[in-house]
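Same chain, two forms, each on its own as structure tokens: structure 1, then structure 2.
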Structure 1
């Protein structure tokens, strides 16, 4: 990307690079990096960073909840108010999928729903986790309060806010032909108030094309599925699983073919345009 970020480099996430502008402000630089099966690939996806930045900005502007965004800069940068992050990932799920499905099968949670993969839950389920560099673990609401992660008052607010954001985003998705399956939000504190933070993009939610939805099997995710499928077909997934089983580091992933890269790039642009009604 042409425009260089400013500020002092703080850290690199899987997708965002974070810079400190001053004591009060951070700059998020959304890169074109892509990961699959939790491995960052050597190829990048043109315009992905721009889509993630502008999609996040769209949600902050339209959700109608207090948030940390100050402005966007260039195609892929966002200035935010620096906050003290609340050490809880606020996950909400509308469908039985991912780790919730696994936990239900293992009897770790009980839910009034048939054990069918991708079944719709009777109502959105607040399913918070800890915020960890290694692996986020489920945490109960009682533990959140007793461990001092949030006061009961903050928890009530954050839970209500998470559910209402999920509801609004679901409606938007439905109008665009998608199902919002689940969502992860992060909140932080600033000057005594709790604000919505971080970013809201395809790494923070699962959206499924509604016309291909069928319970009882894994669902096509609109964005990175072709990358996952290609890596599986190329034998990389198998190699990775074998390495992980024997505790070895992830093997070097292959470079993606140019046709696949442009197909995935087009998908990102497409989802942005249908969800927002804006042209990229």
Structure 2
């Protein structure tokens, strides 16, 4: 039987609802909602919220870095210390894929790597974006400081922490037969200290089976990349890009086919179990 969240409802994000417990604590309710290209889809993915909650808890408990988690409740809820989120999404990429590949082809970034899809980068690449409910956009380190999003000291700390966490998670993935292609982390401030926050799961990374990896083509992913790929193939991303370019509202996204929903749900559960060694 599902456990209802407690506290006072504050707001809904793309995939989780947030409740106020008291002045110092919030409750994250991880739903089965799924978003792609910064749009919430009409379909849900069974057990997705449970995986995001429990895998996030696993990383908070094992990474050895200061974080905001206090405890978990039920299958898909987490109590966290309240903090002020830093308006930057800290992305680190180990492979040339997704928007980084697109920007390289357009000449918007310069990297010491051949223009081969899914090529391994010489070293992890820190690729921050803005944090937006509409569309996250790349932002330079200089802009982060000049716009007051972080001080230079905070940026240096967060950048180093992001790369360190990426390395540790990559080791765990490698031991489990997977490749961590990229990772998005978020941080916040509490009592003058920068803490790791939000969630760390298949919504925040790309994870590829190591035995199927081959540069030069799209990779098989145990995350929400199959959803992005299906929406692209169905023509939705093209329509969305046109609408955003012209300043029009985002078009209504299509309903995902049942077989894709089942595939993604199974892969979320599988990646949780192989990374943690625990049964869901």
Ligand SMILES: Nc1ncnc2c1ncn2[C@@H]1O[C@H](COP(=O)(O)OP(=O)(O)O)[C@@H](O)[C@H]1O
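Residue numbers count along the first chain shown, from 1. Note that the rigid core is defined as the largest set of C-alphas that superpose within 1.5 Å between two forms. This structure is a prediction, so every number in the text was calculated from the model and none was measured.
Looking at both structures, it is structure 2 that matches the form predicted alone. Comparing the forms between structures 1 and 2, the C-alpha position of residue 41 differs by 2 angstroms or more, with the core used for superposition. A movement of the C-alpha atom of residue 216 falling short of 2 angstroms is seen between structures 1 and 2 when the two forms are aligned on their rigid core. Residue 27 is not among the residues whose C-alpha shifts by 2 Å or more between structures 1 and 2 once the rigid core is aligned; its shift stays under 2 Å. Core superposition places the Cα of residue 262 5.0 Å apart between structures 1 and 2.
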